[in-house]
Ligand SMILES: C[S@@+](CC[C@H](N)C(=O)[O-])C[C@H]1O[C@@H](n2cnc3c(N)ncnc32)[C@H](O)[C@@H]1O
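Given next, in structure tokens, is a single chain: the form predicted alone.
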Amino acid sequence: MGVYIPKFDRSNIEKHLIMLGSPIGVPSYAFSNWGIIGDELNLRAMSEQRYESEWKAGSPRQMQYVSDAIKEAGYTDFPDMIRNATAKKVSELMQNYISRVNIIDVGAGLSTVKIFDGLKENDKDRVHLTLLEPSQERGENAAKELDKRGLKRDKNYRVIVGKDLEIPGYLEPESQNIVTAVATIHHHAYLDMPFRVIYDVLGKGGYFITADWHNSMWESPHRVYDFLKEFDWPGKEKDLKNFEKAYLIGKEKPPLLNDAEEKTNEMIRAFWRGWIKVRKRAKEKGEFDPRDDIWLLEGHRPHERYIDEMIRTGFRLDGVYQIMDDSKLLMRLTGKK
């Protein structure tokens, strides 16, 4: 069986407003909402290729644009908040070990540096860090920061240019004590495989920490359609009509949300409003590198979906932490093998 993804010419919106990206990147359980059907093996492969093409070429400036967009929206630096929450948890878990601790940071970069800096001084000389990052530039920049702190490459840390699904090709099963994933798991439409490879690389009693953004915006094309209607761009009327036709807008409405769910969705919409402004300014100045674009349609989903997959994989849930007092947009989850 082949794969069917409704066709929609996104080029005009992506030129003037925002990169949508293919809906093959939304959570897999929402594929039917977007009219996506077909052989699961092919759907998985297409989804992973979509994410690889987005993130492999990204630079550290990409993350700066993200931070700028959050500030534009009037919020505190979300990426830094989840990095700090992860670093704090790693430091706490270090107290469970008396000898060397192997840590792999999936989607390495500033998060790895934060994790190391957050360790107690008497713990810093007993960790071995593996930096796994699809962008070679981001991985090397993190390595330079670790070098400044006196760590030795191939002795205290290792850099691997790759993604989480490739972990079995680089590390022995049950060789790690802690796996961290800071805002990376949402780069998968399907969660079962990344959770499985993380489970397998952990030794018995090892910990998996994921800190991520959570919302339900991308589960429904109707929510995306309503968001796009807020903006103006050349050809808007025609583009929206094509969107309506491709994704059957008006045929069915998405489920109603409770107040907490709607709040997280409004916060993510506010971020994207900020991103649109930041992107536009950078493009007008001639500073924006197309490689640094981020795509609207991603695999973000409510954190309960992560918990369900953790448990199905075999983890015992070892902690649920709401990073923001008034919202479940940012959550840190810990699983124990």
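None of the values given here were measured: they were computed from a predicted structure. Don't overthink the numbering: it's just position in the shown sequence, from 1.
Another form exists, predicted in complex with this ligand; not displayed. Remarks below refer to it.
K.L.:
Spell it out for me: taking this ligand in the model of the complex, does every residue among His222, Leu228 and Glu244 have a heavy atom no farther than 4.5 Å from it?
P.N.:
Not a single residue of the candidate spot has a heavy atom within 4.5 Å of this ligand in the model of the complex.
K.L.:
If we define contact as a non-hydrogen atom of the residue within 4.5 angstroms of the partner, is Ile104 a contact of this ligand in the model of the complex?
P.N.:
Contact with this ligand, no.
K.L.:
Just checking whether Asn215 would be counted as a contact of this ligand in the model of the complex - the rule being heavy atoms within 4.5 angstroms.
P.N.:
Because no heavy atom of Asn215 falls inside 4.5 Å of this ligand in the model of the complex, the answer is no.
K.L.:
Should Lys89 be counted as a contact of this ligand in the model of the complex, where contact means heavy atoms within 4.5 Å?
P.N.:
No, Lys89 is distant from the partner.
K.L.:
Just checking whether Val182 would be counted as a contact of this ligand in the model of the complex - the rule being heavy atoms within 4.5 angstroms.
P.N.:
Val182: contacts this ligand in the model of the complex.
K.L.:
Give me the residue from Leu93, Ile249, Leu110, Leu171 that has a heavy atom within 4.5 Å of this ligand in the model of the complex.
P.N.:
Residue within 4.5 Å of the partner: Leu110.
K.L.:
In the model of the complex, which of the stretches 256 to 264, 163 to 171, 143 to 151, 236 to 244 has residues with heavy atoms within 4.5 Å of this ligand?
P.N.:
Only one stretch passes the 4.5 Å heavy-atom test: 163 to 171.
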